[in-house]
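Consider the single chain below, provided in structure tokens and representing the form predicted alone.
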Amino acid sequence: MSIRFWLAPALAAALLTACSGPSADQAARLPILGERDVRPNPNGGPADTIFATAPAFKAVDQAGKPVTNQTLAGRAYITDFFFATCPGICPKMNGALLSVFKPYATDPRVAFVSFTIDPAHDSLAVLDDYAQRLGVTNAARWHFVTTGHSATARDTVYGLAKGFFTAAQPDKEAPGGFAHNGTFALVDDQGHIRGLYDSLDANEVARLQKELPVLLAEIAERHPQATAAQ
């Protein structure tokens, strides 16, 4: 069973609320997706626009290290949602993400975060084995994470999936017992979601590969000293 169509409402909502009508100096920048709040300036100047950020999370990666929004602050990162025993779309998803990862495998400006939607099964050992078989040997570069093994852990990760404009839920009819889609989310150094990509579409993966450098150039403008130090 495929639920790739679940992306449509979320993506439509994100694009409708994206930063639109960029000025000339912003033309090459990616939109900011999600809700935004326009607040009047009490001093009578231009209104302030407050953009939504990615959902807050606390997770642990395959090396046993904590991973949070704060861990990733200051860097671009890409997320997906998968499970280790997935016989359906996950192998293609993570194969596509691997093609994006390889040019940045040693680049400290970029991180990759794969959330398991089956924390009851996907222990740290299972996640580490999955990463190793994919060829990812440095957990600091690509985090395969779990939100925990409690009874609420699955609900937690399903909520996170929604916050990253994708979807996941138990489904006895779906391959492996979970229905989910293959959306990648691109997040900037300030926690804003800047792009959504269908991992099962080669053109969408290619778009991510083209847009990631655009975002990195924008981040470099905000952090010139950090860029010079690399």
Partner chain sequence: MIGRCLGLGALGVVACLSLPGCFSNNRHQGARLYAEACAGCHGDAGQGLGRLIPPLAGADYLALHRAELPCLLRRGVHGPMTVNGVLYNQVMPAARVDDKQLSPARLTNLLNYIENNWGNHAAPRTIQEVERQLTACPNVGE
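Numbering follows the first chain given and starts at 1. What you are looking at is a predicted structure, and each value in this text was computed from that prediction instead of being measured.
One more form of this protein exists, namely the form predicted together with its partner chain; it is left out here, but the text below deals with it.
Q: Which listed residue (Ala140, Leu98, Ala120, Ala105) meets the criterion of a heavy atom within 4.5 Å of its partner chain in the predicted bound form?
A: It is Leu98.
Q: Identify, from the list Ala153, Ala84, Leu160, Ala111, the residue with a heavy atom within 4.5 Å of its partner chain in the predicted bound form.
A: Answer to the contact question: Ala84.
Q: In the predicted bound form, which of the stretches 111 to 119, 72 to 80, 145 to 153, 129 to 137 has residues with heavy atoms within 4.5 Å of its partner chain?
A: Selected range: 129 to 137.
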